[in-house]
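Read on for two forms of one protein chain; each stands alone as structure tokens, with the labels structure 1 and structure 2.
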Structure 1
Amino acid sequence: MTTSKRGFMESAWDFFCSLKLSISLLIGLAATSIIGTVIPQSPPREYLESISAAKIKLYSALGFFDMYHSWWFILLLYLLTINLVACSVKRLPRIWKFISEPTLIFDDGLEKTLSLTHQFKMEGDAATLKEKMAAFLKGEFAEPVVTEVDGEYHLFAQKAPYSRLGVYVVHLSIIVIFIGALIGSFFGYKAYVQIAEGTSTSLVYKQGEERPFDLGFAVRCEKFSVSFYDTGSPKEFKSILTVLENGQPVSGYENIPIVVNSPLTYKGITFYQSSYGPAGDGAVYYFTAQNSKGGAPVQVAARKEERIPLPGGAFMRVLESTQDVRPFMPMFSGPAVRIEYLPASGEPQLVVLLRDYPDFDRQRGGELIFTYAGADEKFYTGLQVAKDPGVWVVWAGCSLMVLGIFIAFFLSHKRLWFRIANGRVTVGGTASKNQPAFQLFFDGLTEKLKKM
């Protein structure tokens, strides 16, 4: 009974230590990750309506609509972690021993395993040769450890033994990144808030939650603006924000401009520019209307959809407005409105007015000539609110990973052995990476030895 239990534990251990498992997991993760890029995650209603009920049932059962958080995907990640830890636990002590207790004796067995070896005849007794070779190694490579066995001298020198640990740094970094991600998912949140110009709020809406969450301080949107390129494509979305504690502006956090790619962070909570829109229908539009036969212009102030009486029994109504007319009328720029003009007699007319072209409406040849003086339109700014205390752990992990990869790939553990016996010097060497470059070095070394 005990033996079979032991056998099971042992085979489980071997299973988790195997590199075949790592390769399978890595390829498995790559293959399954594709699913979530093809099936929309948290799909919109239109998508759900476009596929069959059976498919929806199947996909939800398999967690395909939130695949990267489904139990089986998380399981794969846990298996990867266990695999990683098990492999390291198994190999690290061996590697550590390899570094801390290097093979000092250059015997025949070792010699046979090395592809780079060379033998010389040299004058002088063993002790003098030993001194000479030790000085040579120290000058050309690294300080050797000298061991004497039965009148033979063995010299061992190495460079960058710790480069062997590079891969473990990489593997550790993956675990650090996972820890950072877990911290973020337990202690952080993502939320959204809309703040109208001139107002403030301390309440934000967390993802997937109905009730608002109180930040403990308030943010006021002083102003929002959007600017455009000549082509009509957006150039910049900008909000000016002030942080308020107990209703008072916090010094250093007043009138801070934030744009896409330049957020505001206060008390570990970051506010990102994400969207904007008109704040309610509070905007007031200003016009003048003048009779084409002359006379003093009449000032008109109107809200959207409001029916405004004009002199002579006519009416007007603001239908829509834009900050920039270029996408609709490429020859013009600047703010514009579309109004409905109802003359005292006759058909209603749709009239476009451009703020920056005051004479534009003259061409219409109507009885009343309008100009548009602009609006004090209020916007809301849409802010993404995020708190992620794990993010620094993730960056630490990423840095560790880059460092580890460079050590693992580009540093080489180089070792040289010298044996001095019977008036002969035998040299052997090996490197963990870039063997051809090491061979050049080794050949150069033996050339120098020949000339000694």
Structure 2
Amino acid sequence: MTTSKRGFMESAWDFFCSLKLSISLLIGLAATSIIGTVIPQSPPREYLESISAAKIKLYSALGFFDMYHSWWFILLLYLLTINLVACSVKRLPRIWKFISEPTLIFDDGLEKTLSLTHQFKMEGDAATLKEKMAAFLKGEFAEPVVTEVDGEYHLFAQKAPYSRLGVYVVHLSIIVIFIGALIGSFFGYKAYVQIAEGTSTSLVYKQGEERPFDLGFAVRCEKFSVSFYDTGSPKEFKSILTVLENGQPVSGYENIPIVVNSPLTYKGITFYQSSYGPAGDGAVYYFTAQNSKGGAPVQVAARKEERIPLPGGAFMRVLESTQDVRPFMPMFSGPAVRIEYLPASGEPQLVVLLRDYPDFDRQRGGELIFTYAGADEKFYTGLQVAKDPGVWVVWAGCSLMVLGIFIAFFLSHKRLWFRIANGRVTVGGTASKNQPAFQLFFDGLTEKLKKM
């Protein structure tokens, strides 16, 4: 039983210390990040309407719409954290001993393991040479540790020994980042809100919850604007927001413009520009109606679903509108409306009008020719609302990672040994990385020694 238990524990320990496990987990997290980039997280209604019900059901079951809070993503983070800790615990004591208890005696066995060695004669007794070599090392490299063994002097000096800990600093930084992510996951939230121009709200809807959540303060959308490319697709949409406390604007948070990559943050809660759309009943659409046989055009203003009288006993009603007709009529672009035209006699007609093509309706050949002049339309701004108390922990982890990567890749543990015996000085050296550069340094060092 003891042997079996020990065997299982050793197998589990070896599994969590495995480099294969590290690579597998990193690949899994990379694949997760790709999926999370391709599939919108907390997707807006427009995205859900663009995919099939089967896909929505599949993505919801797999947690793709909130992937970074899914149980399997959290499990990957836990496993990688355990893997990093296990690898560090297994290897760190040996590295620490290597750093804190260096080999001080430059014997024949150590000399054979070094690729860079040089030996030459020098005049003087051993004690004098020892003092001279110690001063030389201190000036050219680092202060040495001097050890005397059987009349021989051994000098050891090193630089940047703690650079070997760079990889463990990176390990620690990853764990710190994961801790920050978990803090944000457990104590933060993501929500969504739509605010029409000129209105304010303090209520947002958290992901997966039907009841609104009160922020404790209100946000008002002063104005919303959108610009378009020549193709008709949105180029930039911008909201002007004001934060309200007890119904009054907060100083310093009035008329703050936000765009997709420039959010607003107040009391640790960040508002990101996410989407937009027509506010609905507030829009006023402008038309001209002219008899096809001639006469002065009549100016008409209408709200959606409002029945408007026309000359000759006809009526019209605005059914729907769009800012870009291209998805529905690829040959055209720009704003468009669809109206219901009820002539004085005859059947109702559905008429599409394009703002940028004023002669479009003439092709219909009706008694009245309509032109769409545009709309005084109010929009709502769709804001993603996020609170992440772990973000500063994540930033601390990122800073620690930069430091660890710098130590691991740009600093080298360099070591030099001198042995003084029988009028000869033997020099040996090694570096943990960038051996060609260290060899140039070593060759220069020995040339200086020969000239002493």
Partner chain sequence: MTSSMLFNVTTLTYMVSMLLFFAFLASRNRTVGLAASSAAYFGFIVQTVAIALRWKESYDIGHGHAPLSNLYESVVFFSWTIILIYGLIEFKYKYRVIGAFVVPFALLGMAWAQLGLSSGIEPLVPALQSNWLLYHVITCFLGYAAFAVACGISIMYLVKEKQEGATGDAQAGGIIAQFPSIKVLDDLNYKAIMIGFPLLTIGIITGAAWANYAWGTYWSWDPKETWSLIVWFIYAAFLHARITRGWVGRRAAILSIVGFAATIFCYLGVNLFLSGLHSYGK
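What you see is a predicted model, and the numbers here were worked out from it, not measured in a lab. Here the rigid core means the biggest group of C-alpha atoms that line up within 1.5 Å when the two forms are laid on top of each other. Just so we're on the same page, residue numbers count up from 1 along structure 1's sequence.
- Annotation: structure 2 represents the form predicted alone, while structure 1 represents the other form.
- In the core-superposed comparison between structures 1 and 2, Thr322 has its Cα shifted by at least 2 Å.
- Taking the rigid core as fixed, one finds a CA shift for Tyr357 of 2 Å or more between structures 1 and 2.
- For Pro212, the Cα coordinates differ by under 2 angstroms between structures 1 and 2 after the core has been superposed.
- CA movement of Asp376 between structures 1 and 2 equals 3.5 Å, with the two forms superposed on the rigid core.
- Relative to the superposed core, Gly346 has its Cα moved 8.3 Å between structures 1 and 2.
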